[in-house]
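Take a look at this single chain, the form predicted on its own, given in structure tokens.
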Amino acid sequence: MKKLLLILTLFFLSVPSYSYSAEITDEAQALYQAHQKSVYQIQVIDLATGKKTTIGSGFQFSDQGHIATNYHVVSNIIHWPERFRLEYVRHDGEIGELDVLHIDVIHDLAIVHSKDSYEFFLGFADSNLEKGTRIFSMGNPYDLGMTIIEGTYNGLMENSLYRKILFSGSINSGMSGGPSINRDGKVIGINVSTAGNQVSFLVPVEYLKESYQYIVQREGQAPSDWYKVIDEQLNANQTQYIDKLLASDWEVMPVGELTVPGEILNVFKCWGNSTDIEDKVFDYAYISCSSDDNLFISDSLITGKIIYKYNWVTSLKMWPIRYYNLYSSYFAYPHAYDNAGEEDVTNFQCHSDFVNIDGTSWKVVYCVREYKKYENLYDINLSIASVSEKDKGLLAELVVLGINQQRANLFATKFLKTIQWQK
């Protein structure tokens, strides 16, 4: 035993000693220490209780106290300024008040302002990086304290109505609005959302640059009517993407004995299912298509989404009256889409009729409801059912959220004209 101890002692004595200096060699640690003073927690405070009702993150990007965050973090201030106030919390625990200067609901951005003079801020880089580039996200997850997350830049989302960066890293609740920076400590994107499992999304920094230019042009003055700002942004956005959809050649796909609109642009994804039951009395196929994107306006209003669904039902061993009841049960109604509250939209107004599509008779129900706070914007629900055959048929539903009436009519008309029986 003594001999073994001697050997071990001699071994450890013979290992070269390495002296570690006080210098930071870990990249994430170095970036965190260099830039944590520019990153804030953003708090929405309920005036009645004095307690936090929403938390997010933000970062100062100018020497004049301009701080970037997400629109959804500050949305309560926009809609109910009499009920809430906005605050920041710095790395040293200092708390101060914030004012909202600009919002971009399409890209989920907001610029807020602190009157307190503070010298630390982050600069901007370009969001166009090589896939696989190492980047770093900062924020305050779950109110646990400021953190830095190391992850990978994986390019812009190719199949998205609204440009976002795909970030392979764990952005968690409370980090919304924080910066994602490159190895030089420059901002390339703003944390916005996550799908879990290391799948997160960033807003490209170019949209923040555009918002800041808007503030510069207004000489730092906030708009007097936030609803007007949101209205203009929503109308401009739906004009742009609906016109793009109307001008494109739509892909079609088979459903039962018909061809119907499929993934009409690469921003749409379709999913399907069918029956697989022994000794079944009817055959059934279901396809649902939608855009992945939507626009958050408030806790009660989500818009900017398109959904369309198909049900193909064929009787195998059913009496006609039983098949009719089954077929009718699949007919959709607009109350199935709970994207808005009573304070946001009117009740649906519906019109039903029978129309001719590709030489056969169809029942059509067209429902529209108006946005109360945003002029010329509507939700539409188009439900159709083929009625020419007694033992088979297609039921389809189209939902468009946040569209003006002219484009709604054009979109619904093109949708119907694309449906054809297979020859």
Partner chain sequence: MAKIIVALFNTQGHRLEYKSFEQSEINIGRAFHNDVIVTDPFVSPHHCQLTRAEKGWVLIDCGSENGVYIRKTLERFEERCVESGDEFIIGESRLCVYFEDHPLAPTKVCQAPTPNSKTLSRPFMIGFLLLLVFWIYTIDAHLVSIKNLSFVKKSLTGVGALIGILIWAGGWAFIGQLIKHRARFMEQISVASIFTILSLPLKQVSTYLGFRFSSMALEGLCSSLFFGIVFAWLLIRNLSLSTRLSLKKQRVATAFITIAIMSIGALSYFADTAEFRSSPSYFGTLKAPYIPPPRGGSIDAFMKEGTSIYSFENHK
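All of these numbers come straight from a predicted model, not from anything done at the bench. Positions refer to the first chain, counted from 1.
What follows is about the form predicted together with the partner chain, which we do not show.
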Legend entry - in the predicted bound form, the residue from A34, V364, A28, L47 that sits within 4.5 Å of the partner chain by heavy atoms: V364
Inset, instruction - May I ask whether V281, Y378 and V387 each come within 4.5 Å of the partner chain in the predicted bound form, counting any non-hydrogen atom? - result: yes
Legend entry - Touches the partner chain in the predicted bound form: P320 (any heavy atom, 4.5 Å): yes
Legend entry - Distance check, K372 to the partner chain in the predicted bound form, heavy atom within 4.5 Å: yes
Inset, instruction - Give a yes/no on whether L122 approaches the partner chain to within 4.5 Å in the predicted bound form, heavy atoms considered. - result: no
Legend entry - Contact label in the predicted bound form: D353 to the partner chain, heavy atom within 4.5 Å: yes
Inset, instruction - Would you point out which of 65-73, 52-60, 378-386, 35-43 contains residues with a non-hydrogen atom within 4.5 Å of the partner chain in the predicted bound form? - result: 378-386
Legend entry - Interface residues of 337-356 toward the partner chain, as seen in the predicted bound form [heavy atoms, 4.5 Å]: Y337, A340, G341, E342, V345, T346, N347, F348, Q349, C350, H351, S352, D353, F354, V355, N356
